[in-house]
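Next up is one chain by itself, shown in structure tokens, the form predicted on its own.
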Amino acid sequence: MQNKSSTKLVALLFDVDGTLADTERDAHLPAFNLAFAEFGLDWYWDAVLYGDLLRVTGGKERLRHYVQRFHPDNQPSDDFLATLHQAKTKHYNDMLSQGSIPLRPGVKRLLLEARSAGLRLAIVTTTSPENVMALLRYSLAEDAHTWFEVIAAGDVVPVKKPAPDIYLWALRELKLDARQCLAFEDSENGLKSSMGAGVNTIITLNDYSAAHNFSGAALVLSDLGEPNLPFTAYEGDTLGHSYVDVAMLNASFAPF
């Protein structure tokens, strides 16, 4: 990251899927397949196909892209796809309620530290508000949604990532300049969205995004790390830190 400037860090903006938890691999993918089976469809998404489909942001949009690409002669209605997506969301929430989706290393620690330090928190994601609430409730705390001043999720804007619209919406709700914020993302589309809004961004890689182009990111890390579980840094200057905490962010923070 760049050297500290006169701009003060005020807020942290978090993507959800792949950033807070590995939900794409461990929850969304199996939930889609369970919904397909529930509706008697012969569709099945394996890990490789799902990695390709993740180039399309938003679950309903991903379903529509899939049928247009792989079933062009059998196009279901938008109402059917919406119902199918609702079933998928129920399966997803059921898995979360069983406690089977842990947060990624360092996430809970950093959120707690940020709250204690008076930093403002926001969620900026293309996933549905229901999915966000379920993850926060079952992986953090019953009232974890109240930790976030703004939850920008789902269809709050019509054009999803990689467009910057959802970040711009969140910045307006927070009444902050982009230079006062820092985003956490895991994908190329997420980075394009945050950078398009002028928000400095830390990337934490996962299995689906390791080969993405992260040019322009402030840092590219394996995860946020823990005191006893240091991150691996792939791009950017971590100033000798081995895990992301508020002290590191304040020492490193600068706008684009």
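All of these numbers come straight from a predicted model, not from anything done at the bench. Note that residue numbering follows the sequence shown and begins at 1.
There is another form of this protein, the form predicted together with a small molecule, and it is not shown here; the text below is about that form.
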| property | result |
| --- | --- |
| Non-hydrogen atom within 4.5 Å of the small molecule in the predicted bound form for each of Lys192, Gly198 and Ala218 | no |
| Proximity of Gly59 to the small molecule in the predicted bound form, heavy atoms at 4.5 Å | yes |
| The small molecule contact in the predicted bound form: His85, any heavy atom under 4.5 Å | yes |
| Close approach of Leu54 to the small molecule in the predicted bound form, 4.5 Å, heavy atom | yes |
| Distance check, Val16 to the small molecule in the predicted bound form, heavy atom within 4.5 Å | yes |
| Residue stretch of 125-133, 70-78, 100-108, 140-148 approaching the small molecule in the predicted bound form, non-hydrogen atom distance within 4.5 Å | 125-133 |
